[in-house]
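The chain below stands alone, shown as structure tokens; this is the form predicted alone.
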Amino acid sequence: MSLDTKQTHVVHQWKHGKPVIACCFDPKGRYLFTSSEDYTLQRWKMDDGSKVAWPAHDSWVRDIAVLPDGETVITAGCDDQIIYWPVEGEKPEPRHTIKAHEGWVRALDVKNDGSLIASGGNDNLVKLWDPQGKLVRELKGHESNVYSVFFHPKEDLLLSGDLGGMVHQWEVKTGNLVRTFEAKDLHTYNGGQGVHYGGIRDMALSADGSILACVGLHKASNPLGAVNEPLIVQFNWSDGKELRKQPGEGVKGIGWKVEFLSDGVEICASGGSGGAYLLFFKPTEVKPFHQLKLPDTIRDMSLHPDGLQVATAHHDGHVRISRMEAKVADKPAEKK
């Protein structure tokens, strides 16, 4: 499906109130799940924007995932826990509560067949869980906090990205470390402030499997003052070599999420001191060809199963749904 991304526009704006942190569509496209700084989860009905909210973790929920059957939603909290919830219900109660990591649980991903859930945390570990919450395997090898996890959509492989800009590729069946991608441009150490900053905030693979995109930030001249710029670093999947860097053109902020759209275009959600943007890149070009400015700071993004709608979570307490338009194929000229 070819998309007219320059026509992307906000179609819904739903208010929660407290700042929104994470967002995730369910695989059937019925609901959008979000989390907030008030420690609650929200389930938004896509048909009418109606909301159900309930107390969730004892801290912020950093990531959300939904199993492929659309029946279970999983949340990762800064309270060391992973919680499995039913998707439906007016007052969802936990199905499984797991002390998953020592420190924040930052990232979740679900294998395409629903057989495994990956988590990454501040203890530098990656863990694999089954749908009933049982630990299957623990993966050691990162030297810094794990910020993102990503199952390969076709192969039995898992990628995990850390604060230091390192991406580890694991063989899921054995837990063996296969290779490492080095996206060091996505890591900054500021000696004056004594902080490491940046990290692999998200990863995506092109539909043909040839390009791995890693997103985060660079030019962090003042990390504690949030002075930085979004950046995508691309790798050639076949040999692991860097292909190109794609910076946000004149944008100040963090690249939180990256996705490949159905026509191969990359979309990046950036939020920070310079505001909120959806940045659109052609995969072979360095600069974005389109930038959509949105209200307030973006903190997460999720692509709807229809490939046209994009949800963004905002610090101003709103959830926004933007829509891209499918290009209409040119009609053949009529014969005279």
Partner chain sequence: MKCQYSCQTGEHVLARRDFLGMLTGGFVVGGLGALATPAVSAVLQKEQKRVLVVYMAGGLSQLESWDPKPKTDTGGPFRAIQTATPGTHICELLPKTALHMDKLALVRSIDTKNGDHGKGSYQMTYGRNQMPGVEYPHIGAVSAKALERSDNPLPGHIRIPGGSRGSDAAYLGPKYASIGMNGKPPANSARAANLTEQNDALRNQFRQKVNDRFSLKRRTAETDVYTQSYEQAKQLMEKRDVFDVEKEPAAEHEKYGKHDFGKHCLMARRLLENGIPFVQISHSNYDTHNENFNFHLEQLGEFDQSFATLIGDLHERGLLKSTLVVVMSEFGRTPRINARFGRDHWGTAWSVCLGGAKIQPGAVIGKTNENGTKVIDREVDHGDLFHTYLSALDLDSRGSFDIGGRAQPMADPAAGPIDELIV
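Remember, predicted model here, so these are calculated numbers, not experimental data. Numbering follows the first chain given and starts at 1.
There is another form of this protein, the form predicted together with the partner chain, and it is not shown here; the text below is about that form.
message: At 4.5 Å between heavy atoms, only one of the stretches 282-290, 303-311, 52-60, 24-32 reaches the partner chain in the predicted bound form; which one is it?
response: Flagged stretch: 52-60.
- prompt: Quick one: is Gly165 in contact with the partner chain in the predicted bound form, heavy atoms, 4.5 Å cut-off?
  reply: Gly165: no contact with the partner chain in the predicted bound form.
4.5 Å heavy atom contact, Asn228 and the partner chain in the predicted bound form: Because a heavy atom of Asn228 falls inside 4.5 Å of the partner chain in the predicted bound form, the answer is yes.
Partner proximity in the predicted bound form: Arg299 to the partner chain, non-hydrogen atom cutoff 4.5 Å: Arg299 belongs to the contact set for the partner chain.
- request: Give a yes or no for Asn124: in the predicted bound form, does one of its heavy atoms lie within 4.5 Å of a heavy atom belonging to the partner chain?
  value: Asn124 lies outside the contact set for the partner chain.
Among the candidates Lys111, His218, Arg106, His142, the residue which, in the predicted bound form, approaches the partner chain to within 4.5 Å (heavy atoms): The option sitting close enough to the partner is Arg106.
- request: Work out which of Pro153, Gly194, Pro86, Gly250 lies within 4.5 Å of the partner chain in the predicted bound form, going by heavy atoms.
  value: Of the listed residues, the single hit is Gly194.
field: Three-residue site Val11, Asp47 and Gly317 fully in contact with the partner chain in the predicted bound form at 4.5 Å by heavy atom
entry: None of them does, since no heavy atom lies within 4.5 Å of the partner.
message: At 4.5 Å, heavy atom to heavy atom, what parts of 75-91 sit next to the partner chain in the predicted bound form? List them in sequence order, or say none.
response: Going through 75-91 in order - heavy atoms within 4.5 Å of the partner chain in the predicted bound form - the hits are Cys78, Asp79, Asp80.
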